[in-house]
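This text opens with one protein chain seen in two forms, each one given by itself as C-alpha cells under the names structure 1 and structure 2.
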Structure 1
Amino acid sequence: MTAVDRWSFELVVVGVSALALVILTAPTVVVLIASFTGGQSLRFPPQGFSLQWYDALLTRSQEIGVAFRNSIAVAAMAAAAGTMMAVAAAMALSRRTTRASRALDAAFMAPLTLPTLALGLGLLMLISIAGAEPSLVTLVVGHTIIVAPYVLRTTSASLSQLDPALVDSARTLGAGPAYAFRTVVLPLIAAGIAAGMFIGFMASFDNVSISLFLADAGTDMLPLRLWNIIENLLDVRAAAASGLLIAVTGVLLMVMERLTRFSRQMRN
C-alpha cells in the first residue's frame, strides 16, 4: 500500500466518522438550544434565549410531573424484574454451545430485533385472549420484556470472561451452588449486570410503543404525554423536559462510568 492509498483510506474513515458524529449529536444539540427559546412556540433557531420554559416545566406542569413519576416507577419495576430473569437465563445458557441453547438465546434477544409496534400489539392481543385489561401490571410486564435482553447480553459477556476454575475451586472447598454464586460469581459479574440494567431502564423509560398499547387510561406515561403536547400544541415544555432528561442521563452515565466502567462493559 502506497502512502497515497494509506492517506486516502484514513481520510475516508475520518470523514465518515465525523459525519456519523454530526448525525448522532445534532438532534440533541438542536433540542437543547430550542429549549431555551424566548418565543412562545417550538422552532429552530430560537427567538431569543430564556429559562421561562424550564420554569413552566418545574412549577406549572403537574400533569408532566405525574407522567414522569409513572415512567420512573414502571421502568424501575421492569428493570428489577427483567434483571432477575435475565441473570438466571444468562447463568443457564453460559458456556453452553448446543443448538438448543443458541435457539433459546436468540429467543431471549428477539424483543430487540422485532418491531416494538408488533410486539406491543401482540402483547395487547395476548392480554385480551387471557381476558385481562391493560393495567399497571400489564404495562410492567411489557416493559420487562424490553429490559431483559439488554441485561442478558451484558451479563453473558461478563460470564464469558469469568474463569471457571474460580467456581470449581469454591465448589471443591465445599461451597454450595447458591453460596458460590453469591460470593464468587456475583461480585465478578455485578458491573455487567448493572450496565445492562441501566441500559434497560433507559430503554423502558422512553419507550413509546409498548406504553401506547398497554397503558390504561389512569397511567399517563412521560413519552406519551410529551408526544401529545408536541403534536397538539408544539409546546416548548417538551423541549425543556428533553433538556432536563439529557442532563440527568449525562450525569447518570458519568456515575455509571465511575462505578462500573460502563464504556468497557459496552465494548465487551
Structure 2
Amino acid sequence: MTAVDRWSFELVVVGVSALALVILTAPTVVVLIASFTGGQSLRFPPQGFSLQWYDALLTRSQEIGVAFRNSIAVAAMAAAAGTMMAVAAAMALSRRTTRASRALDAAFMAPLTLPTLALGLGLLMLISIAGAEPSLVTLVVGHTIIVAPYVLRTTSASLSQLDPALVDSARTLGAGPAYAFRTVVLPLIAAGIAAGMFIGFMASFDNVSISLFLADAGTDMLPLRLWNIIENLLDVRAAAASGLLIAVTGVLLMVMERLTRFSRQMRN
C-alpha cells in the first residue's frame, strides 16, 4: 500500500509536470522552427531551411515595421508614466494595514482581473464624449492602466522587505525625506521597480483589448497587425515576426534575470 501510494503520487507529479512543460514550450518552439521554412506555406515540419521569410520581413514589410515602432513607443511611454505613478502609490501604501489602504490597493490591482476589453470600450466612449479622437495619446493613457498594477505589485513587495530602521537612521542623521529616498530607499527597491516595469512593458506591448478600441488607422499596433495577418493571409512573415519577438523576449528575460533576479521577483 505504501509503495502504491508513493509511486502513484510520484507518477502524477512528474508525469503531469512533464506534460505541462511540453505544453508550455511547444507553441513557441514550433513557431520558431516554422519560421525558417524554405517553402511557401506554413506546414509542420517545415520544407527545407531558409531565411527567406526573415528577409521578406525586414525588406518588404513596411507596415509591420511601422506597427512595431508604434507598439514600442506606446509601451515605453506607458511604462514610464505607469512606473512613476505606481512607485509613488506604493510608497504611500507601504506599511499601512488600515481598511482604507487595503481597499485602495485592491482598487489599483483591479485592471489585472477586470476584462480590459470592457475598459477599452468605456475609454472609447469617454474619448468620444470629450470630443477627442483615438490617437497615440489615448493609446498611452489606456496602456498606462495595463502597466501600473504590475509595478505597484513588485514595488510593494520590495518595500515590504526593506528594513524601516535604515530609513529612520538616515533621517536621524539629518537626511531629508527626498535625500533619504534617493540614497537609501531607491537603490534597495530598484530591482523590484525594474522587474515590474519590464513585465508591464511586455504586457503593454502584447495588449490587444485596449488597442482594439483606441488605435486609429494611423497608429497600427503590432499585435493587431499580426492578428490580422494570421487570420486572413496565414502569411509566413507572421512566423518570422514571431521568431524575432521570441528571440528578443528570451534575451530580455536573460538580461533581467541577471540584473534583477527576475524569476525570484516573479515568484513572490
Partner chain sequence: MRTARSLDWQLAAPLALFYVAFVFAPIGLLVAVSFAESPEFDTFSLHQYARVFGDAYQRGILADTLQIGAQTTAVTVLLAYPLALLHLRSGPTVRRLILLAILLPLLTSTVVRTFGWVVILGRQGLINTALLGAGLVEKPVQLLYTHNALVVALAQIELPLMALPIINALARIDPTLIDASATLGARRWRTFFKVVLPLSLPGLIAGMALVFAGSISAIITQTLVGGGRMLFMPYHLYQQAILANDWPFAAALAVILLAFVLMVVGSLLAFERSMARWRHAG
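What you see is a predicted model, and the numbers here were worked out from it, not measured in a lab. Only the largest set of C-alpha atoms that superpose within 1.5 Å between the two forms is called the rigid core. Numbering runs along the sequence of structure 1, starting at 1.
- In this pair, structure 2 matches the form predicted together with its partner chain, whereas the other structure does not.
- When two forms of a protein are overlaid on their rigid core, residues whose CA moves 2 Å or more are considered shifted, and Ser128 is one of them between structures 1 and 2.
- The rigid core superposition between structures 1 and 2 gives a CA shift for Ser8 of 2.9 Å.
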